[in-house]
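The chain that follows stands alone, in the form predicted on its own, written as structure tokens.
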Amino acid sequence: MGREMRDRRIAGSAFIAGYAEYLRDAGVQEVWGPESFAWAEYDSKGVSAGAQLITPESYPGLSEVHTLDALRDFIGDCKRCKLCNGRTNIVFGVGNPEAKLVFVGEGPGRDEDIKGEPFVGRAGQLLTDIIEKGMKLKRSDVYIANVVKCRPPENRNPEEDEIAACEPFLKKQLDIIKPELICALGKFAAQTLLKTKDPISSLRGNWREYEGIKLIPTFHPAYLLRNPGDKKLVWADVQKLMAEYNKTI
């Protein structure tokens, strides 16, 4: 390794060490992130002195949770990321616990935060219309959840650390429900589940897989409220989804 690269790594490690110290002083007990990050002690040169790796799989006891009710109890009054500071309610999920189809959105908005249920505002009504008028299903036939369970301030995009902290709960929801199909609504749902940075414009309408489950991304209903001209694209995606859903019944 060249000296310049080595110096950069040391400087980066020192920054992480300083930030970790700041978080500890603020009372933070754990840090969630990709496997390249760890909660650790560093020496004066910024070199790890026995890091303890923290990954989403590190939630003690989560692997022993086998029902949605038990998962909600496990989450409790969650304070695992900074979104807890501004929320009114945790928005866990709603619908058929044995659903063949799960819709995954981004995160709660104001209406969802107040009611504690996903997709109940204007975007939620549009999703309900897609399910009930377009697919001829009942909303209660499917399951609806979000990547993050607490409302980001001012409906901003969820940040990477917030997604990392909450993603294990979404993964566990899908593991418990064991759907045959997933519809990822918007950029953050699609990119989180598919582990990609590809834009939703290129992902939408194309079948992919999430842990062996067929997944189709499409635009988020909130996007359609701002861009009604793209409803025809979502309708094309929904027709593909309906064709696969009909094979499951």
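Numbers follow the displayed sequence, beginning with 1. Fair warning: this is a prediction, and the values are worked out from it, not measured in the lab.
Missing here is the form predicted together with a small molecule; even so, the following discussion is about that form.
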| query | finding |
| --- | --- |
| Heavy atom of each of G93, Y143 and Q173 within 4.5 Å of the small molecule in the predicted complex | no |
| The small molecule in the predicted complex: contacting segment from 128 to 136, 78 to 86, 164 to 172, 102 to 110, heavy atom within 4.5 Å | 102 to 110 |
| Touches the small molecule in the predicted complex: H220 (any heavy atom, 4.5 Å) | yes |
